[in-house]
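Two forms, one chain: they're shown below as structure tokens, one block per form, named structure 1 and structure 2.
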Structure 1
Amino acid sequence: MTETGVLLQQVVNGLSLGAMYALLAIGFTLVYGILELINFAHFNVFMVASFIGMWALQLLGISGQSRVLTGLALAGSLGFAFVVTMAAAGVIGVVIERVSLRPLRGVGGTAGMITTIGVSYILFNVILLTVGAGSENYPNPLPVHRWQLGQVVVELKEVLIWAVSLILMAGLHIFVSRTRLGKAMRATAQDAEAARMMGVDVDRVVVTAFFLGSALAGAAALIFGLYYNYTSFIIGYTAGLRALTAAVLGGIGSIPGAMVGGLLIGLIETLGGQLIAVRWTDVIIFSILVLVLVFVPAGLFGRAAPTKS
């Protein structure tokens, strides 16, 4: 493969990674847009959801690479796994909001953010103590299909990632822009007190944001498992930090910004690893985070605004 072909292949890989980071980044941006809170528990909601997705596939009798499915059997199995994983992750997000964050709603300062760090460690240690520290081989029912497009090879799993990500992002855009609850979310994000005075149920809006953000993290977790064919108790921090960087780069609080930021971070990770060295990718990505926070704190699509607290 020529040097140009290698770079184009890394672009394809970067778009796949970026789609996963974008789904995860949307969870950060939904919650921040409404509560101005960085939900650090989101890291490990993603991690727990990856295990739930694995168990859902195992429940169907799919383990390791032993069962390759096609047609309706493949669509049904993946559909079941996505629904179960997203629903379970959404419920975890709602429980986190109701139990640990709602009692702190009127407390100023960093109490809420520190609480999410504590919840994150609880989730981390629950999986560590119950499942163990080893990596788990992820069930993968996808057949190996490859298409040669010029100098680029596209695999079925990459097409699946792009299709699922586009469907979920388009669905979220329609929900936020067209539905009554979506409009209530936008109103609450602009001014929660004014929205409450206009009859918006702010508590319901907050729960919806946590459910949707966590459900998208669940979809990203299942995509991660199918793409890398493993999961572990430690995956939340690496993917979560990169997704947070994507949200900040795009403009935290902006859903389109989270999408674009996720794709950019995915491309930076793969192209940086190819052009410089894999071991330098974290340095590059988190240097971008620092530079954005210092010089463009509103991000690419965000808007500078006074804090609501």
Structure 2
Amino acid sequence: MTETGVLLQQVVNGLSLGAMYALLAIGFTLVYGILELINFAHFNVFMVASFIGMWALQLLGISGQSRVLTGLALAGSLGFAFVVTMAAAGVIGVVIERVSLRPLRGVGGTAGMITTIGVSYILFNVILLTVGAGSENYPNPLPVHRWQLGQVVVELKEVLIWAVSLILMAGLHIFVSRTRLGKAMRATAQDAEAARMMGVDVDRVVVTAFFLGSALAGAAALIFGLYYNYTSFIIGYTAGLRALTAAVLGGIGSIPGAMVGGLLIGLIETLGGQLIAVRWTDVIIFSILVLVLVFVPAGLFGRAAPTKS
């Protein structure tokens, strides 16, 4: 492989990684846009969802690397797994909101954020104490296909990630821009008080944001499991932190910002690892984040200046 070939291959790697971060980052951004709350529970909603996706596939008799499906059987079982995982993750998100965050609505400061840290700890330990700390051999019904495009190898799995991410993001875009509820969400994100006065049911909007964000985290979790054939109780932290960084980099509260931020973080991670060293990945990511925030305090796509006003 030539130097350019390697870099292109790292770009392919980065785009796959970035697509997952983007899906996860949207969850942070949706909730932040409406409640101005950084939802640390999202880290481990993602983790729990990866297990739910695994159990859904196992329910269909697909476990480990043993069964490879094609055609309709593949589409059907993946469809089932996506629906179950996204719905379950969405419900978990809604339950978290109802039980631990709604009573805190209107309480200023850091109370909400600290609560979500607590919820995150609870989810983490529930999985640790029930499932255990081992690594899971994630079901993999996908056939292996590779395409050699010049010096770059693209795998079927990667194409699947991009396709699913694009479909979900397009769906979200249509939902937010076309539907009544989606418009209400945007209005609430702009100005919650005005939206409330105009008759927007803010509670419903908040629940929707949590459901959608968590469902997208569910999709990201299933993609994650299928791509790496792996899950474990620890996956929430690093993935969540990267996605949160992506959301902030893009301008937290902005949906396009989360998408672009996710892809950027994915690319920074792979290209940084290639050109510098993997051991410095986090240092590179956070240095870039600080630099961006110093010069563009609202993030790349942020709306408001991030100083209190």
Partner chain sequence: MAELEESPASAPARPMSGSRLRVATLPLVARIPPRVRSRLAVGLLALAALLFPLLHANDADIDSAANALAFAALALGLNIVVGFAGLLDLGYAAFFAIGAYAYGAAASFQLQPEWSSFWEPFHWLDLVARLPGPAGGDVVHFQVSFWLMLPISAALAALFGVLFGAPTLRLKGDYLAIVTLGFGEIVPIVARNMPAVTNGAMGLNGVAAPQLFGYSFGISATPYYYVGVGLVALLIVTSLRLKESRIGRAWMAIREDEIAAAAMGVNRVRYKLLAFAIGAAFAGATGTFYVAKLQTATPEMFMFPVSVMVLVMIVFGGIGSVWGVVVGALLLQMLQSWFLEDLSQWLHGLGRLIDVAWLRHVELASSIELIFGVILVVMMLYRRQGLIPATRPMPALSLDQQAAQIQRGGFATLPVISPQPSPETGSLLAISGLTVSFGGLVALREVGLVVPRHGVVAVIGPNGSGKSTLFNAVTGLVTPDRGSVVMAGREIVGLPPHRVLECGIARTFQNLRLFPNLTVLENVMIGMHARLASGAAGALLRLPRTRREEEEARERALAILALFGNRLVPRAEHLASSLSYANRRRTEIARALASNPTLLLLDEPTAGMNPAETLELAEQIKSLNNSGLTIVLIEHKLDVVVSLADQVVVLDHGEKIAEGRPETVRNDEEVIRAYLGRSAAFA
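What we label the rigid core is the largest C-alpha set whose atoms superpose within 1.5 Å from one form to the other. For clarity, every value in this text was computed on a predicted model and none was experimentally measured. Here, a residue number simply tells you its place in the sequence of structure 1, counted from 1.
**Student:** Do you reckon the form predicted on its own is 1 or 2?
**Tutor:** Looking at both, the form predicted on its own is number 1.
**Student:** Is the C-alpha displacement of residue 12 equal to or greater than 2 Å between the two structures once the rigid core has been superposed?
**Tutor:** No, its C-alpha moves less than 2 Å.
**Student:** Rigid core superposed, residue 296 Cα shift between the two structures in Å?
**Tutor:** A shift of 2.6 Å at the C-alpha.
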